[in-house]
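Only one chain is included here, represented as structure tokens and corresponding to the form predicted alone.
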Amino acid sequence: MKKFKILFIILIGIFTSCDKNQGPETVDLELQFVPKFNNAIFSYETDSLIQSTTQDTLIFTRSDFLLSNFKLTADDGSVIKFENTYAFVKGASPDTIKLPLSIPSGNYVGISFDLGLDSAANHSDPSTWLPNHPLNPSLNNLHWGWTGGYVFAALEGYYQNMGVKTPWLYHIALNENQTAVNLSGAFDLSDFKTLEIKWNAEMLFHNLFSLRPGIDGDFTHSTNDNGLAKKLVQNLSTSFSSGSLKNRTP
């Protein structure tokens, strides 16, 4: 009988230990957006950056984005959609975005999001959003009252034009310029993690299209620009990439 009690206690200990080591059933995921130029972190306002393909000298002063429609694709092909999840990413001081605590623990092969908003969110009443909500105009400074919609990407800076420091300003807006960003990889989300997402700033000017501010245009509000905004959107759609995936304490 005594031996039976000892065996019983040992088994209880084993099962309890296994239970403690078992990961959580659901996790959240932090997304840490990091702006880089030729894979190096740069300083806004001050760093002169050389575009290797065109030799243009560029300075970034602003790169602000509104993101929505986040999704995760599991290794079995199933897709988790995060409804009504939005993010305001300010390049010079990026915040960490947290996807909700509703992600089944497991392995994932893709993450996607939209640069921009669908028509309903884009034309929603901006006064309804709480002060700290990503779509609050006072927070993001990305709402055009005169169009009744948001700027999806505000990109600004300077370039050398015949030796003269000249501003460039690209504001991407309008429903037709909402675009999907798809990132593939191997994402082990068996526990709480932080995923680095790099925005590769050099690809704004050289990606699917090679663009030079002094030749192709240094200004757009997404209309009457000879197609410049559409080319910029296509460059932006593949300018993001996934980086390191790190363990995190919940």
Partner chain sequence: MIFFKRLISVTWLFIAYSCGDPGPNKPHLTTPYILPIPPGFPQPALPSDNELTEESIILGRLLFYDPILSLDSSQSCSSCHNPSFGFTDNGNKYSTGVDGSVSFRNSMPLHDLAWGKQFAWDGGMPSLREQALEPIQNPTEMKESVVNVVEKLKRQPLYEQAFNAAYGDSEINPDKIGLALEQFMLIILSGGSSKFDNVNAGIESFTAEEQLGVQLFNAEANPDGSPKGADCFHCHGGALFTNNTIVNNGLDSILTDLGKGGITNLEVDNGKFKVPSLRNLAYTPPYMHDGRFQTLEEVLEFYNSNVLSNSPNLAPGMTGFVQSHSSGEQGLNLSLSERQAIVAFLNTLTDTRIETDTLYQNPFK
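These numbers come from a predicted model, not from an experiment. Numbering follows the first chain given and starts at 1.
The protein also exists as the form predicted in complex with the partner chain; that form is not presented, and the subsequent description refers to it.
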Between 168, 86, 108, 113, only one gets a heavy atom within 4.5 angstroms of the partner chain in the predicted complex; which residue is that? 168
Candidate from 63, 207, 222, 51 lying within 4.5 Å of the partner chain in the predicted complex - any heavy atom: 222
Does the partner chain, in the predicted complex, lie within 4.5 angstroms of each residue among 46, 131 and 144, using heavy atoms as the measure? yes
Contact label in the predicted complex: residue 95 to the partner chain, heavy atom within 4.5 Å: no
Within 4.5 Å, heavy atoms only: does residue 156 come near the partner chain in the predicted complex? yes
So, residue 137 and the partner chain: in the predicted complex, are they within 4.5 Å at any heavy atom pair? yes
Does residue 127 make contact with the partner chain in the predicted complex, using a 4.5 Å heavy atom cut-off? yes
Segment that reaches the partner chain in the predicted complex - one of 97 to 105, 116 to 124, 158 to 166, 73 to 81, heavy atoms within 4.5 Å: 158 to 166
